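In structure tokens, one chain follows: the form predicted on its own.
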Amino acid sequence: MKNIAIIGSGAGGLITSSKLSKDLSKEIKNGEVTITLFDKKREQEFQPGYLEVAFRGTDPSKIRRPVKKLVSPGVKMVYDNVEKVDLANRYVKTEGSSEKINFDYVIISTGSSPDYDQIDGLKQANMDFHTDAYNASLIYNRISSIKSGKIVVGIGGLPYKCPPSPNESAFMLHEHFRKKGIRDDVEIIYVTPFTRIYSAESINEVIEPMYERRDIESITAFNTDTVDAEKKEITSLEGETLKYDYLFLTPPHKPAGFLKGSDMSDEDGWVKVDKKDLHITTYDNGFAIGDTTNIPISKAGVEAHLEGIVVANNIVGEITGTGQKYKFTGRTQCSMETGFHKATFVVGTYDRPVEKIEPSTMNYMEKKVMEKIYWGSLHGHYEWLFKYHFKKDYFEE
């Protein structure tokens, strides 16, 4: 009997469990393999949809699904959070039970979440679209009532998930107020700790002129230190003070709490993994994928997806005895909506720098197609499409 434990029922955990359950279906049926997925959440949200909820008023219920409908056949779901992973002794323990659940393989896919403790005053002043769909909906309620004023958007701290999302918020705000006919009465300021508007120069070359044409002011090398909700002021580490009327910053993110201080994680709690095969560097029976790793690439869904496929393939290879080995290429493909039904993509790998891709309606349509097939992709229904689209970047053999 081989027991596989997967911690986290986000996109990475669901895609990985789906791949394993499909490729090991015979072994599961014969009682030779078990797959157990751990997560207390009963609902899953399509996180890229938070932007649509926040800046276009999409009903939050449209981007939610019950987890029980997303778990593939052959996968046992345990609705509880894991509080301890003992890699040396190969067991996990959940918050609601004293039982030790043994595993032969463990995959950590616990994602990341906003960390407001890093910046004094930010939580009291800010409205963000990274926490959940409900909080995102509060932004649309707020911007619908705005007639004039100064809006500050951008990056509140590092790291954070979905690298293009702060830029998308600036573009979507511009579109919203332009359509309402009051754009000239609303000042939009974008702040970022990077030395340019977007960290990758190739993408910055594309969007910086758009900021200028749309009269979106940008302040670079601005590291938010404190926020005063009463005075409506942001102070940077560089000593600059910025006034605002409305604040929509992307907060810094943190890993799951149980990871901090463990021997598998760095000092901030991000799991230390080999960037190619995703195994936890100190143990060969443990893996981590997605936002929770310490790999210095974007924290976005496509990485969790492709990393999960690599890990699942390698575990299947060991269990079935094929011996095949697969590697993650570092491929990223983050869509960046630029407003008015156009989008670009942030595309690169470990070996290829980010490409320069001009915004287009075709890119926007591709983004929408991916949104449509998202829920089915969690069950592995579209792996043939992803494999065709990513080609050699799907994985390395």
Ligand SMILES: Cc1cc2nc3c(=O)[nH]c(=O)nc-3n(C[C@H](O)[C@H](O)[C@H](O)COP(=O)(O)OP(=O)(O)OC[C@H]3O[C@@H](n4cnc5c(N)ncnc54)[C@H](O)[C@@H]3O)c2cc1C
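Computed from a prediction, not measured in an experiment: that's the story for all the values here. In case it trips you up, residue 1 is the first one in the sequence shown, and so on.
Another form exists, predicted together with this ligand; not displayed. Remarks below refer to it.
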### Query
According to a 4.5 angstroms non-hydrogen atom cut-off, is His174 in contact with this ligand in the predicted complex?
no
### Query
Would Gly308 sit within 4.5 Å of this ligand in the predicted complex, counting heavy atoms only?
no
### Message
in the predicted complex, is there a heavy atom of this ligand that lies within 4.5 Å of any heavy atom of Leu51, even though the partner is absent here?
### Response
yes
### Message
When the contact criterion is heavy atoms within 4.5 Å, does Ala11 count as touching this ligand in the predicted complex?
### Response
yes
### Query
Which pick from Val75, Ala133, Ala304, Val273 sits with a heavy atom within 4.5 Å of this ligand in the predicted complex?
Ala304
### Task
Name the residue from Val186, Ala256, Ile119, Ile139 that puts a heavy atom within 4.5 Å of this ligand in the predicted complex.
Ala256
### Query
Among 279-287, 209-217, 147-155, 80-88, which stretch has residues whose heavy atoms lie within 4.5 Å of this ligand in the predicted complex?
80-88
### Message
Only counting heavy atoms and a 4.5 Å limit, does any residue of 90-110 reach this ligand in the predicted complex, and if so which ones?
### Response
Ser109, Thr110
